[in-house]
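Quick setup: one chain, the form predicted alone, written in structure tokens, and binding and motion questions come after.
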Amino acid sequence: MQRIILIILVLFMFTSCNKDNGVSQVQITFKFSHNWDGTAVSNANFNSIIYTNANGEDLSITKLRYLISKITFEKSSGETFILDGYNLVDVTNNTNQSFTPITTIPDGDYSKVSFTFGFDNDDNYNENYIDLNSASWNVPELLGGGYHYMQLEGKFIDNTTTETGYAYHTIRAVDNSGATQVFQDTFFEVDVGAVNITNNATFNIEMNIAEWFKNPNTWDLNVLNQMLMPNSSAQIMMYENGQNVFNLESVNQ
């Protein structure tokens, strides 16, 4: 009997302690929207040449899908929570534009919230992702294997006024010009800043597609439109332009 009373007392104290701490687990959702310098973009706008890039080329979008992973919440103490899973945002088919990882996190103040565009090297090469394989997301072994980070495709009016296709595909940069392959990392972290989480929260993330073509490298589609995956210099330029593509619009909770 005394043992039972002792167990009840310990449980009561544990429950009270948790209640006093006021910490609860919350669910996080990342929702992605897309625009062209402020004009909303969806698959309803695809296949029409209605956009103009920083180089003055008129173009359309026929495909847009990209991979995000490693959503991370970091406290000022250095404590870090990495949410499991990854998400292939597919604007073309209007799927996966909202992603809710299974993992929950404690509510409270976070000094930094971030996610990875693409896969880091560990995730890119150490696992076999059946769903990404079936989505034809693989990179050929000749280019280092692993997976794409983004596929952006469409048509543009070239300098001979001809409608020409472009394929702006991002992968890990690989230089095959020498005796051995030389790689350069081109995945990148997107830092959306600090946040106080009080409840289940939705992070509304915007991608400005126009930024892929303008900052810091003004993209000339007449020169760089196809065969960009084996072009190491082009991949590095894409990586540089990607730094300004994403923006946190708001947090709903």
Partner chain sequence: MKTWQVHIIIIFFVCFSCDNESVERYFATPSSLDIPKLFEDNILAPVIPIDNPQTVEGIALGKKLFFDPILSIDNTLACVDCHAPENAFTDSDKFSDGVDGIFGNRNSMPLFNLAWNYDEKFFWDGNTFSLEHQAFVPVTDPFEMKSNWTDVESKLQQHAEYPSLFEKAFGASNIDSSLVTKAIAQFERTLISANSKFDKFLLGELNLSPEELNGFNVFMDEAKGDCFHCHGSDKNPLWTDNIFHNNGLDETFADLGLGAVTGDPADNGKFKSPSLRNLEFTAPYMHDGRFASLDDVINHYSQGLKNSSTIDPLMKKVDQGGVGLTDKDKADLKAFLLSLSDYDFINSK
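All values derive from a computational prediction rather than experimental measurement. Numbering follows the first chain given and starts at 1.
What follows is about the form predicted together with its partner chain, which we do not show.
Heavy atoms within 4.5 Å of its partner chain in the predicted bound form are found in exactly one of 163 to 171, 177 to 185, 112 to 120, 67 to 75, that being 163 to 171. In summary, among the residues 204, 62, 52, 27, the only one with a non-hydrogen atom within 4.5 Å of its partner chain in the predicted bound form is 62. Only one of the listed residues (194, 40, 227, 223) places a non-hydrogen atom within 4.5 angstroms of its partner chain in the predicted bound form, and that residue is 227.
Not displayed here, its partner chain is kept clear of residue 102 by more than 4.5 Å at the level of heavy atoms in the predicted bound form. Although the partner is absent from this view, residue 79 stays clear of its partner chain in the predicted bound form, with no non-hydrogen atom inside 4.5 angstroms. Although the partner is absent here, residue 107 sits far enough away that none of its heavy atoms falls within 4.5 Å of its partner chain in the predicted bound form. Though the partner is left out of this view, residue 126 does not reach within 4.5 Å of its partner chain in the predicted bound form, counting heavy atoms only. No member of the trio 218, 232 and 245 reaches its partner chain in the predicted bound form with any non-hydrogen atom inside 4.5 Å.
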